[in-house]
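In the block that follows, a single chain appears as structure tokens, in the form predicted on its own.
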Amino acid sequence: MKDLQCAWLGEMGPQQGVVLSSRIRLARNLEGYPFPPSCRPGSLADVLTLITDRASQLPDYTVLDMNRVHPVEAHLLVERHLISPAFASSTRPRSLVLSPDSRIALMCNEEDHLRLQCLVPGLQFDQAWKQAAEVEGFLSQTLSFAFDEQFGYLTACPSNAGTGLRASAMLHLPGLAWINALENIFQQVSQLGLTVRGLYGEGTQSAGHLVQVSNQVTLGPSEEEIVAKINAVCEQIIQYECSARRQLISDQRLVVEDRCWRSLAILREARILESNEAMQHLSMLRLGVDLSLIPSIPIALLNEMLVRIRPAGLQMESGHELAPGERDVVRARLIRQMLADAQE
């Protein structure tokens, strides 16, 4: 588990300065079984067996029994955006099925019998949809998913019925935050049938100017129409963000430089860094690197930092559980070391 890959690290996807990752998630339920919230443990176990037996036939995929996973390891999976917080804390019979590169993740017995996701770096919705559809097609060869001619795929929450598809992108928007334009952008997004959530999805908060934009409507439009729409909206948000950054450089270049370099100085020297403070400074550092104000620090390194400085990641690297104050010390030391290594 310590060496678990993060799906959006590695190769750099398009527009990764603003868009860290794109995700497609499909919600499915097996025909003839109650949805997990009202399904008895014995039936949930049967569902689990049916799905994992089929999924285990995917080449080199790994099946994890979540009831045997340590809470810190489960939290690590949340931090890697492979499972939801609710799935991590559930006590139902449940499993996670992972592809070798962790891009494909199947949550079995979350809110629905199956939550299949594909997570890729940058703005690559078409690629994520293609991979998710291929895996779903393989599973559906032997699994019968609950489907209605009028309502489409049936799900535990009516808001997911129809295609059962949620497409989301993780965006870094410090420029729009700086000029106080985020609220207006979010209102426009809402009017288009999309929603904005925090770093780990529904019910979570933004951190380091990172937000997730996703579709709300799953019933009516086709999968391809949903994917095309959110891709177009994200491209528009990227343009707004880039415009805000150009405006900042034109009007407040020295102020922007000062704030970015101050964040780098703190990250290089701090001995104690609380999580939210670290995320804020990393956001400013990332902005400085994107704007070529700060040289010699690759975006890939900053992406890796975002993954490694979270609480569970720090504890996994340390090999033991850490109290919050201890994590703040380890986080600061790790960031100092990573920045020092980048300068060598």
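Start at 1 with the first residue shown and count on from there. Fair warning: this is a prediction, and the values are worked out from it, not measured in the lab.
Not on display, but discussed next: the form predicted together with another copy of the chain.
- With respect to another copy of the chain in the predicted complex, the three residues Lys229, Ile238 and Leu301 uniformly fall beyond 4.5 angstroms at the level of their nearest heavy atom.
- From the list 220-228, 171-179, 251-259, 151-159, the contact stretch for another copy of the chain in the predicted complex under a 4.5 Å heavy atom rule is 251-259.
- Though the partner is left out of this view, Leu76 does not reach within 4.5 Å of another copy of the chain in the predicted complex, counting heavy atoms only.
- Residue contact check for Glu277: one or more of its heavy atoms lie within 4.5 Å of another copy of the chain in the predicted complex.
- Another copy of the chain is not shown here, but in the predicted complex it comes within 4.5 Å of a heavy atom of Leu273.
- Within 4.5 Å of some heavy atom of another copy of the chain in the predicted complex lies at least one heavy atom of Arg268.
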